[in-house]
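First comes one chain, alone, set out as structure tokens in the form predicted alone.
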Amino acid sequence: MALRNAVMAALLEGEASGYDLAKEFDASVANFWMATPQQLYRELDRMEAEGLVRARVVEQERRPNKRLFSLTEAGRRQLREFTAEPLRPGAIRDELMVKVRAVDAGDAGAVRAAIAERIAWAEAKIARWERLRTRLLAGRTEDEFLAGAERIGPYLTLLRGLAFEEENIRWGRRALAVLDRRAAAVQ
């Protein structure tokens, strides 16, 4: 998958600046697609040159002017084509998993600390996403929201992010318990 597909999917929410997209990526897309603000700006420039997005300049007082991007019909067509393509198998590249695999020959205390840090990150993400879910639902039940929502994709990806982080916490706690039992047995 190309970064442009994730950008186009984010622009379905409406017009956004590069800064807004970077915040959106950090808040909602980071579990399945990572991009730096610089990568986003370069991709937006390429997409604009290819006619997939259009930009308009908003003049601001006391701040630099900003460009707001929106999808063009060509961008929407390309996004439709992307969603119709067969899925390629995904792959997880996670430095923590390599460290855990090497824990027997490495620094078990450092690996344990890294797992605890991953749990803390997951808890923070869950708290942020629960706030987002509360905002999306706006006092409605999930069924009421889903029955009347114009778009459900953001909600479904939010649910996947929550499940992913909940599993990170479950695994992390189990891994810490195993490491603790192992350390106690070795002493």
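Keep in mind the model is a prediction, meaning the values are calculated, not measured. Start at 1 and count along the sequence shown; that's the residue number.
There is another form of the same protein, the form predicted together with the DNA; it is not shown, and what comes next is about it.
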Check your understanding: Here the chain is shown alone; which of Tyr155, Phe145, Trp129, Tyr41 has a heavy atom within 4.5 Å of the DNA in the model of the complex?
Key -> Tyr41
Practice item. Report yes if all three of Arg135, Arg160 and Asn168 come within 4.5 Å of the DNA in the model of the complex by some heavy atom, otherwise no. Key: no
**Study point:** Heavy atom of Pro64 within 4.5 Å of the DNA in the model of the complex
**Key:** yes
Review point. With a 4.5 Å heavy atom cut-off, would you call Thr36 a contact of the DNA in the model of the complex?
Key: yes
Review point. Does Phe164 make contact with the DNA in the model of the complex, using a 4.5 Å heavy atom cut-off?
Key: no
Check your understanding: Is Gln60 close to the DNA in the model of the complex, meaning a heavy atom pair under 4.5 Å apart or at it?
Key -> yes
Review point. Heavy atom within 4.5 Å of the DNA in the model of the complex: which residues of 69 to 95 qualify?
Key: Arg88, Arg93
